[in-house]
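Here's a solo chain for you in structure tokens, the form predicted on its own.
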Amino acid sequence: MPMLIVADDSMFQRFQSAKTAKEAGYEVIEAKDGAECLRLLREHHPDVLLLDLNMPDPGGVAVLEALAAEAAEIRVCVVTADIQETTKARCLELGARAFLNKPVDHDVLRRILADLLAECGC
């Protein structure tokens, strides 16, 4: 079963995204901030990361920078309420594969998860 980490400081957003991912066949682990996300990424080596950009300790861009520095092989979907083009470009440069706007449209999330699964051959 493919594994996914949902990293978001909003418990509601984590719950909603985790529910959709579980329905799509993922094993789901939740992280409430950047530090927990990085620890869980290193422990579990998931296939996909749903990453909120605006979370504390550290934020989403810092998590992406850490992943890039470690040459981590993980498909990242950035989840955010608003993203500027410069931030989007930086996220892509750091390896993000997809973007999802908040509030999350769960049909779009299912499609993105299916695309990321196909990409990794999971």
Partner chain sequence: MSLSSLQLDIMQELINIGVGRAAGMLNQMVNTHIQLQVPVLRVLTPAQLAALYATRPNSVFSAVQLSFTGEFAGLSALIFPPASADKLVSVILGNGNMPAEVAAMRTGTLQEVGNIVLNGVMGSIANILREPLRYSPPDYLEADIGSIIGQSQGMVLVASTQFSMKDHLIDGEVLIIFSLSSFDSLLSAIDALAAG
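Only a predicted model underlies this, so the values are computations on that prediction, with no experimental measurement involved. Positions refer to the first chain, counted from 1.
What follows is about the form predicted together with the partner chain, which we do not show.
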Next on the checklist: If contact means a heavy atom within 4.5 Å, which one of 34 to 42, 90 to 98, 70 to 78, 52 to 60 is the stretch that engages the partner chain in the predicted complex?
Outcome noted: 52 to 60
Checklist entry - Taking the shortest heavy atom distance, is Lys102 within 4.5 Å of the partner chain in the predicted complex? => result yes
Next on the checklist: I'd like to know if Ala66 sits close to the partner chain in the predicted complex, meaning any non-hydrogen atom pair within 4.5 angstroms.
Outcome noted: no
Checklist entry - Would Gln13 show up as a contact with the partner chain in the predicted complex if we use heavy atoms at 4.5 Å? => result yes
Checklist entry - Listed by sequence position, which residues of 79 to 101 have a non-hydrogen atom within 4.5 angstroms of the partner chain in the predicted complex? => result Ala81, Asp82, Ile83, Gln84, Glu85, Thr86, Asn101
